[in-house]
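One chain comes next, on its own, written out as structure tokens in the form predicted on its own.
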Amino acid sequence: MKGPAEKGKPRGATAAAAAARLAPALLGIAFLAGWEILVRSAKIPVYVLPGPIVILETLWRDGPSLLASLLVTLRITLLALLLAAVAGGALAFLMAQSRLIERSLFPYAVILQVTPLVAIAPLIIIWVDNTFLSLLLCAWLVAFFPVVSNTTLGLKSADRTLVDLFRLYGASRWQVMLQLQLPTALPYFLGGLRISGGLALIGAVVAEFVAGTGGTAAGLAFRILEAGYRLEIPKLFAALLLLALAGIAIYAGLERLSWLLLRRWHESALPRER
């Protein structure tokens, strides 16, 4: 027979887990309620600060056009993220082969990272004839560095003792790379990918701001500019809400991918004892 303390422990753990899941939602609801009360009590005009209810009504009314623009932005974002993952992983793999190669290439990757996108985006848009390709290049430049940096660190983080053990048993350089260094680098690569997901979205939005492309193929950034010029502030907030939800969805998807790839063997994905 279990004692009262033993019986109560699982229930307490379950309640704590439920509270941890509910806390962010409750905090968000309290914030939105306070926002709505403030706007109504202070009688703030909607063209200055709309309340959450007005924003949701605007999102419902203008949802189809905003969602179409969001799909344009997401297309650029996801393609830039894919290219950053492939190119960044390949460059990190190349730099891991030789210290000379790393010292030769890594400074240029740093230069791409520290150069503000808003400074070089106009040049890229002028030099590249195709608007979509210029936007894609801008988003890729922002998303590229975290993958390179994290993957390079991961490839260099393999346990030296295990490397010596592999060599002691006659493993070739490629066997050490494929069976030891790449598995070690995978969590670092996935961590860089999660960072790059948000940065790719930011890069796509900034590039769209600079390009100012309109028409039926306009991205969500253009809709934000358009709403600001027309003082359609509720529509502006609705577009910002869609961007925030898109960023959360991208991060959650990459987090799920990391868990699926690491859940059976890496400490970061294994369940923790409470």
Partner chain sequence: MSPEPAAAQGVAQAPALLHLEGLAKIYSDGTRALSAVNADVRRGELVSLLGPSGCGKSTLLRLIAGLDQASAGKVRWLDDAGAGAAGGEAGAAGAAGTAGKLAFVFQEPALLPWANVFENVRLPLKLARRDRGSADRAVAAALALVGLEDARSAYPRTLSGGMRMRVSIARALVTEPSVLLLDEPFAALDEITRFKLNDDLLKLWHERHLTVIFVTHSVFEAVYLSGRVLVMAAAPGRIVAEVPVALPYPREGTLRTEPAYGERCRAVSRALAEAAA
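Positions refer to the first chain, counted from 1. Nothing here was measured: the structure is a model prediction, and the numbers come from that model.
Another form exists, predicted in complex with its partner chain; not displayed. Remarks below refer to it.
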- prompt: Heavy atom within 4.5 Å of its partner chain in the predicted complex: which of L74, L91, I195, A171?
  reply: A171
message: Only one of F106, Y188, F166, F145 gets a heavy atom within 4.5 Å of its partner chain in the predicted complex. Which one?
response: F166
T161 within 4.5 Å of its partner chain in the predicted complex, heavy atoms: yes
message: Is P183 near its partner chain? Define near as a heavy atom within 4.5 Å, in the predicted complex.
response: yes
task: Indicate whether its partner chain has at least one heavy atom within 4.5 Å of a heavy atom of Q175 in the predicted complex.
output: yes
- request: Answer for R264 alone: is it within 4.5 Å of its partner chain in the predicted complex, judged on heavy atom distances?
  value: yes
query: Heavy atoms within 4.5 Å of its partner chain in the predicted complex: which of the stretches 175-183, 96-104, 119-127, 75-83 has them?
result: 175-183
